[in-house]
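For this one, two forms of the same chain are given in structure tokens, first as structure 1 and then as structure 2.
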Structure 1
């Protein structure tokens, strides 16, 4: 305690505590009021996991993919850490959007919080920037091609398009310059921006107080917030909502902690169940690859597919730009004093149209993309199987083996190999086929140094999941025969 009193004598800690923790807040705040602090929590999760990932990550086309694989296979809990960072990024977008929708539908952006709404909208843009730059970092097929498409869409912006394209890519092509650029934005510029905006945002929340439930500011209010009498009305009515004497600590913060904990637990569960997806390494020559952008860019992506080609650049630039402009400027054209959504028909209609339209486009995009279940397996893959599937392609197993009608026929078909062999057998076989089939076999050994034991195991896991048309529920008929152990010399 002496340290606390030592500091207190010098810095007046008590007054800091008064402003931060003892501040009075309006009574009867809703659970929706906890979304902002959940965003803050997820941001802290991203900072911690991001720093650990950055210590292993190498931002160059030669090493990026391998360093991500290294994190997933060699670093203790690396797969989990990467998974948390991946899923928390989605959670962040969802929570920021939900928080904005809450503030919008409670009219909390109106007098006197116009400035804080603009800051919040800026925060949303930075979060999208994080996601766009982060997507490229693993340097897998998905990362490469989604970014190629994304940056070329940015290149269709009127007037500044080609400049924007070369600034984003660091040249005309997507390559090493793009990767180090995106990395610098992702770990230096955006965090600095985000922390700055968040601090300002929070300082304003503390200074102006939390917006109360909507009814409290409607009875007897002047029609418009621009009315000269409005500020005085507002301050009197707001002071009234704090009559109950509710303190931020511990009354309000308890709800925040509960919601934040649930969010973090959900993120960890997602990370444990699905890991972090990783495609085969980026292959700039493989133009047949069909990229899918991250889910929150899907509505725009789907919209682009639906408009005729000549309109594409207008829509690609125009729709997001118009939406953003409307969001940023919202408090400056919506001056009505009504805050309850039911009393704001235009606001209600706009919200319904934007949310309904996005949901419709997202649904259409996801239906087209399929549920992400590989047909040869018939169920979603585990992260080891997914890594194995990527290896199966990158090691060109397909050149000699047919799976579901595709591939070369030099070796036996593998479509149903999972029905006949165990993972242990497949692991040993891949390490040294000649032990099983004699030195004349045309299948080369994939054991170290070609692939690590971990990678062989991932391949074996994937192969055991192959069921062809039989489906995942059929009992396999294992028929393994192992060769005699090699004669010791």
Structure 2
């Protein structure tokens, strides 16, 4: 007896095959109906790459960044796997959004698919939760500060804001507890929720069938889906769509395989071409860093920048909450039987406003986004240089000195100072400028107690990074002249 026969006797494989593969589906289904299968495929890609990455990842502030670097440099194909995981996250958001827009445009959230729409909306929220929690795991500058902003926005929630902020961060500040909680959410809670939602979603799709073309459910339909005659009309009209239909296997599943393959190939190509971005390690003291969230959070981020400060908390909580409430409740207040989008002017206007507004805010945010590295340096800064840059700004050095065309003109320009002086010379000069220039300098001394020796060294390290437009291969022309030591009396 073959293995298949043995399993069939115990699991009734033939019945499972009839239910899953041999079922009839409506005729004239479009390529847009493949988006759901593409979402499932990308989720499986995330699961596989996530498991591999998790075996090398250490969820602690001391080791998280180094473990990501280790994956990229020491693990075979680690950089590619990390890149696939990164770009698949964006693909998941795009595909779930596109799938929801397709369902909305076809009115496929109406009777009898109200529950499936709610599950789909919940799936979208979980995917965003995946993205938000995974964002912190590399523990680099962008991850740290973007998460700080994101959790602060969550803290604006009325009544429970402070409690929610404390639960997310595990305290008042981002730290080891935050990283552990985000890691647990990302690899335990959200996968379990997503798997449960997907299984329920698929079960309902199999039970209710794939939504047919919109016109097939409009001719002769009662005005509203709440009409007592509508269920009978719907089931009769839906059965008619299957008369010229096809079987799920192989006709429909062939389209699913083609689209899913294209999506996976695109993700791999993006991973090969761009990899996964990684900023310098997180530095909680670098308050000058300007965080920018991932593109799918940029519309809200840009909207908050456009409203007065007194309304930030209202917009930060109110806009997402209102949109989610409208999306989840949609099948329960839109009870009209019309499904074609052009026959639903309010739905068409709402979709245009939401998508157009989001595109406008996304475009504005991307135009305003500065470079990921300091423009006056042209490369990521070390931790000492970042600390020095913060001191440069806090001590208002740019009030007197020009860097890259910005600043005051009372002192010499510093745009290319790193090409002419060493950190040792700059350190000595900052401590006591009068030793070098005598009474001709108006620059104040920054030696203790104004700044500590460590702070002066950090400031000197930052100044040596200023090289104008010179590339990394240009050798500095150092010509330091130190003053004679004072003669002891």
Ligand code: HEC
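Here the rigid core means the biggest group of C-alpha atoms that line up within 1.5 Å when the two forms are laid on top of each other. Remember, predicted model here, so these are calculated numbers, not experimental data. Residue numbers count along the first chain shown, from 1.
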Since only one of the two is the form predicted on its own, can you say which one?
2
Core aligned, does the CA of residue 53 move at least 2 Å between the two structures?
no
Establish whether a shift of 2 Å or more occurs at the C-alpha of residue 392 between the two structures, with the two forms superposed on the rigid core.
yes
Does residue 150 move its CA by 2 angstroms or more between the two structures when the core is aligned?
no
Once the two forms are fitted on their rigid core, how many angstrom does the CA of residue 427 move between the two structures?
26.9
